[in-house]
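Take a look at this single chain in structure tokens; it is the form predicted on its own.
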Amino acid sequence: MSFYVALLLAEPIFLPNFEVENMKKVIIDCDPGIDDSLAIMLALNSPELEVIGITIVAGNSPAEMGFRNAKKVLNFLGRLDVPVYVGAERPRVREYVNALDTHGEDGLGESFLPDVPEQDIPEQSAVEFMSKALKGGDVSVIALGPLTNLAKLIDSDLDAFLSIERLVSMGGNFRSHGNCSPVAEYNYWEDPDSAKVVFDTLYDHHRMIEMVGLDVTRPIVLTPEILEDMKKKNPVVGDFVEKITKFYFKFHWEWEHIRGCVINDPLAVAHFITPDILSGIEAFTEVETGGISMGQTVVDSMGFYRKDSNACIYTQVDTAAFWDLFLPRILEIRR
């Protein structure tokens, strides 16, 4: 158990407000989604990050539902100033398969939070926003869903894609088994063709993606004990987290016999802020687009192909360091 988790039942801890020099500008590309929502909460309560926009892709939930869910989270945080743009409504080639069986009928754990009024979908698309924002330089992307928007950006504006400062993707798996097939993680399984375009383009242009896959996200389990302690420490935030994760808890117990729920996406944000949380290898990596291995990330860890690396594949996670970062920042939220 981490130091911070052990202190959750102690006297209230309030973090001082402070400014961080050289805040990193980021775009969060996501498909909210329960764990996407927790990742947004972490990102917007981290002084190291300036979230200049949230882009939505069809994945866990349909794109329009993802837009509404992002707005619900932003409304809870009092951050409706953060713009949200809608992107791809279906994968590049295959038929769209949502994950509402995992995330609930409303994509937010069947919390059925009220929609934010007068929040129309912007005319500017997610890809158009990315194209303009990335050309300004010094902007990174934290991709928490399928890579469809990024593949579309490659199609329409390769220079903008190549301007991404850091590209962190929650997706894929190496040694771990899959979560929607024996070998594939959902985000890359959902749109393997777009993931392949992204990985291949990075290889062609000697760039790297940081793959935060199931190997490192599986140990990040929000347990009933942690949730109860969160509710005691900050009842408003704790109750909100409970509402959106209750369905997730049931799903993980039924399908994986996990007491709690795996929160994949916040780890990608935490790693972006504190890279030492994760460690791994650099390797040439391809994404399989068909057959029974569709969506599998084939990691050439032994260098059989003699090709340059296009991915940093994370294999080890410091779970205590994650919770020591995540919990104080989430519990600092005041509503």
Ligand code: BDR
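Worth saying up front: this structure is predicted, and the values here are computed from it rather than measured. We number the residues from 1 along the sequence you see.
Keep in mind the form predicted together with the named molecule is missing from the figure; the text below concerns it.
Peer 1: Considering the named molecule in the predicted bound form, find the one stretch among 119 to 127, 261 to 269, 231 to 239, 82 to 90 with heavy atoms no farther than 4.5 Å from it.
Peer 2: Result of the contact check: 261 to 269.
Peer 1: If you check I209, L153, I244, M170 against the named molecule in the predicted bound form, which one has a heavy atom within 4.5 Å?
Peer 2: Checking each option against the named molecule in the predicted bound form, the one that comes within 4.5 Å is M170.
Peer 1: Mark N60 yes when one of its heavy atoms lies within 4.5 Å of a heavy atom of the named molecule in the predicted bound form, and no otherwise.
Peer 2: Contact with the named molecule, yes.
Peer 1: In the predicted bound form, is there a heavy atom of the named molecule that lies within 4.5 Å of any heavy atom of T201, even though the partner is absent here?
Peer 2: T201 lies outside the contact set for the named molecule.
Peer 1: My question is simply whether N179 lines the interface with the named molecule in the predicted bound form - judged by any non-hydrogen atom within 4.5 Å.
Peer 2: Yes.
Peer 1: Examine F249 and determine whether its closest non-hydrogen atom to the named molecule in the predicted bound form is within 4.5 angstroms.
Peer 2: It does not: once the named molecule is placed as it appears in the predicted bound form, F249 has no heavy atom within 4.5 Å of it.
Peer 1: Within 4.5 Å of the named molecule in the predicted bound form, counting any non-hydrogen atom, which residues from 202 to 235 show up?
Peer 2: Stretch hits: a single one, L214.
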